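Before any questions on how it binds or moves, here is one chain, the form predicted on its own, in structure tokens.
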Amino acid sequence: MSDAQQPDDTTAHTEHEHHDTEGPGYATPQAAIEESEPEEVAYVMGLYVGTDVDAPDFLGVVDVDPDSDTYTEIVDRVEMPNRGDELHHFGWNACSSSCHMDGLERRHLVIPGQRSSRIHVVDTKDRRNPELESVIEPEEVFEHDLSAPHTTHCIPDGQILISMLGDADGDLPGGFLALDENFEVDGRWEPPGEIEMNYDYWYQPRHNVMVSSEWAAPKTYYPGFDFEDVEAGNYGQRLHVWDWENKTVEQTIDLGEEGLIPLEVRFLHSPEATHGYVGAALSSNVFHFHEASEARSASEQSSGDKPRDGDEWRAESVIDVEAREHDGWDMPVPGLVTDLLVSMDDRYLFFSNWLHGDVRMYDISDPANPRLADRIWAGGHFGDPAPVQDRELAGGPQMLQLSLDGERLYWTTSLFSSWDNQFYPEEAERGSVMLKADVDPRNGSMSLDEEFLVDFGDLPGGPARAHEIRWPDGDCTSDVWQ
């Protein structure tokens, strides 16, 4: 339970006024909370890669309106034109960071294929019946010596930026690809050679900063997880702090052995904030990163450490999920923190332990000292094996998405096809599920909604995997403010 107070910087706007807001999104995070309507549909990635179903991946439209006759059903699917894309993460062409781009709409979803390097553009003008509009073929991506697109963010001038995890051959280094407002490849965003490994990123334009994380070379993680790759140093453990305007790396933070495979990066939503988090999947830690001068006092109090000379940003492990013994494993099982998000009011941090099977909720009113508020067990290797609506769960909590008002938390269960088949082989036969928890942000608690189940194993074409979730009006893992 939480008795936390609201942070006082959520609505602060001292340097960037919104009197003439004409663009997409909301003027402030607080406006997103107060002005948004409850979500009615969710866009969810559906995959057949790594299953026995010979069909292309698709974008699923899930009815999440409890007053609808088709509640919890997949009411429409946009099938991609090719097989084997491995649709993974996707994003909007515009968000609240484009607040002054008159005429720009949050209307198109940019959907990369992780394995194919093909990039799809879907028009969601009709929210319940979106349509595929165009496709960027892999050859156009390879021309810039990049492959394996991952995180898609709109950026303030109407462009779209995509993190790329490999070069044209699937080796290192990765980089970033920019698309223009017409969804055509604009070129490489950063000077080549700024980083080796890449994965997720988040930017805070008011502070002229971007932070990116590391997974590995596509050729390393495509076949599945191999511990020898860890011992050989083929997986990442660093954060990169960028000069956002100059597109250059200004600082690299080595998280050490406690920071193996740092994946999702989340800044607090307030454009004034210089605090954020990253989940280190294999080490099963959550790191708090921050501009050293902003949080020095709190950090010193909690750890006794001093910022190193010359380091403008620093990161400390603030949550550690202990590995657990399991009869079927030769080694202690890590929680595998694979996704995390921050509530729109910057009050709570949620993350998933894909292998253990729990979703956790932390009070982050003091960003340097998160406090466990509540957790839910559902599936996983240690979680509650009880079926939901007689449906046995074949996986653990993975991709998360929270309603803008912070009262409904949703998640799916697929991570990556080859890793799914390694750690939850039954999911290829049964398909994924999408589950939901009701959240009480006032008291800091949540409970599994037993009435909510979206079964991706019960589709006409055969069981599918379910991955990332997006809302038409923006969400806690895509919107950025100036």
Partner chain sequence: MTSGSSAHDVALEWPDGHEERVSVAEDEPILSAAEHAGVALPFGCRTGACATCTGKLLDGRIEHTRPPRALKQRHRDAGYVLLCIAEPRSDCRIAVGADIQAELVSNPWR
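Just so it is clear, the model here is predicted, and its values are computed rather than measured. Residue numbers count along the first chain shown, from 1.
There is also a form predicted in complex with the partner chain; it is not shown, and the following applies to it.
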note = Of 383-391, 109-117, 313-321, 157-165, the segment with heavy atoms within 4.5 Å of the partner chain in the model of the complex is residues 109-117
ask   = Is the partner chain in the model of the complex near all of Val49, Arg83 and Asp226, within 4.5 Å of a heavy atom of each?
value = yes
ask   = Are any of the heavy atoms in Met331 no more than 4.5 Å from a heavy atom of the partner chain in the model of the complex?
value = yes
query = Should Tyr26 be classed as touching the partner chain in the model of the complex when contacts are defined as heavy atoms within 4.5 Å?
reply = no
inquiry  = Residue-level contact is defined here as any heavy atom of the residue lying within 4.5 Å of the partner chain in the model of the complex; does Pro130 satisfy this criterion?
reply    = no
message = With a cut-off of 4.5 Å between heavy atoms, is Asp123 one of the residues that contacts the partner chain in the model of the complex?
response = no
note = Contact with the partner chain in the model of the complex, heavy atom within 4.5 Å, among Phe183, Phe142, Tyr71, Trp244 goes to Phe142
request  = With the partner chain left out of view, choose which of Asp67, Glu450, Glu37, Asp54 has a non-hydrogen atom within 4.5 angstroms of it in the model of the complex.
outcome  = Asp54
message = Heavy atom within 4.5 Å of the partner chain in the model of the complex: which residues of 399-430 meet that condition, in order?
response = Ser418, Asn421, Gln422, Phe423
